[in-house]
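For reference, the chain that follows is the form predicted alone, supplied as structure tokens.
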Amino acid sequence: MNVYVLGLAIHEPSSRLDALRLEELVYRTARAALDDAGVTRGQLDSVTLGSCDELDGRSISSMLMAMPAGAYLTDEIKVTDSGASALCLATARLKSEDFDLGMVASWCKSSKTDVESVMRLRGEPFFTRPFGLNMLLSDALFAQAVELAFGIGEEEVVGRVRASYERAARNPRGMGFEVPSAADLRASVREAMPLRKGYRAPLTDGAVCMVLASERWLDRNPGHTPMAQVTGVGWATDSYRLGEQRLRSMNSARVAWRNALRQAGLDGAGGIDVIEIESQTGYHEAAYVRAFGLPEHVAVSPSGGPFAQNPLFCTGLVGAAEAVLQVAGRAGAVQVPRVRRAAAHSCHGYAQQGNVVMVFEAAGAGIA
């Protein structure tokens, strides 16, 4: 059973979105996605939520968030790894042939809680938690490891961060941050060796929703034109332990990449035109480009990636939405010409313990 993206919406990002409750944020985004798809909430037969109770600042947040996401009297399920993981689960649900039209909804108000405290509390309680391990420190350990494994120099990192900000500045769905100079990036405070503050993508608030339809549903509703076909999904999880081999190998990223490409019928990255990478730091992009073996013709994160907007839990799903917009020819000022196939990558956990890769192909709307 083939699965298609019928419509989507990305909420306007904000550094601190105080004017809307979480319920309002998600309702408006879900409403916009339904309108984009040309369907009503009552037509949905499934809703898949991607959310984090700790980052939402409430326990069992789906009790309050399911209905704003469109799940009133509709089958609903929740995944807590990442927003991109929710897209994988929603795709699997439609492929099971038990469902035909589903909503994927994910959100995150990074400003609502102390993100580093949340990440610290995810540590093993007898050693890593008292040690103070958090997102900054684990990302720094990852940066150290890939710096040595791939020979990544600081000048390359500065160049990649500046290029990301430049692309992000053109993205109408981004924050529009000012592009920092190379000197400003090198002079930013060293937070954890080798990471400087300027090398890390700023956190933001936001939400993203997608409407997925099965091939069977589209056959019954010929008036609807899909934006893209989901042709490959892959995910994998590495060891929790932050040993040198785990950090250097990027094994789960490579496994997720290979599985997604294989499902899409691809032998390698040569058939990919665009990839959106969840690069939380400049070191991340440098490492993933190498781990995925991306040839020069592949446009890397034309949206600007997390440097355009970074609602942490759903940043990967935002990247997936940007990839869909590329193959649909609707990416606006950051549109890459003649995109037939786009991939999106997401990561989660300490030092990218878990990785997700999705492949989308042009369908219906043609190639821009």
Partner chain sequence: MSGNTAEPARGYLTEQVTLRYDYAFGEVVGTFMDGLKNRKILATRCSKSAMVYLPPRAFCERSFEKCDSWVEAGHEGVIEASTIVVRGFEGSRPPPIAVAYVRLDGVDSAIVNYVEGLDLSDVEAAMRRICPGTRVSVEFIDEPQGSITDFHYRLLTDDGSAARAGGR
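Positions refer to the first chain, counted from 1. In this text, all values refer to a predicted model and were calculated from it rather than measured experimentally.
Separately, the form predicted in complex with its partner chain exists; it is not shown, and the next lines address it.
message: So its partner chain isn't shown here. In the model of the complex, which residue out of Thr113, Ser181, Thr225, Ser188 has a non-hydrogen atom within 4.5 Å of it?
response: Here the answer is residue option Thr113.
- request: State the residue from Gly243, Gly265, Gly132, Pro125 whose non-hydrogen atoms include one within 4.5 Å of its partner chain in the model of the complex.
  value: Selected option: Pro125.
query: For the chain seen here without its partner, which of 316-324, 336-344, 24-32, 297-305 has a heavy atom within 4.5 Å of its partner chain in the model of the complex?
result: That would be 24-32.
query: At the 4.5 Å heavy atom threshold, is Arg41 in contact with its partner chain in the model of the complex?
result: Result yes; Arg41 sits at the interface with its partner chain in the model of the complex.
query: With the cut-off set at 4.5 Å between non-hydrogen atoms, does Pro68 touch its partner chain in the model of the complex?
result: Pro68 belongs to the contact set for its partner chain.
task: Report whether the minimum heavy atom distance between Gly57 and its partner chain in the model of the complex is within 4.5 Å.
output: Output for Gly57 is yes: heavy atoms within 4.5 Å of its partner chain.
query: Is Leu121 close enough to touch its partner chain in the model of the complex, meaning at least one heavy atom pair within 4.5 Å?
result: Judged by the heavy-atom cut-off of 4.5 Å, Leu121 is in contact with its partner chain in the model of the complex.
message: Check for me: heavy atom within 4.5 Å of its partner chain in the model of the complex, for each of Tyr165, Arg170 and Ala269, yes or no.
response: No: no residue has a heavy atom within 4.5 Å of the partner.
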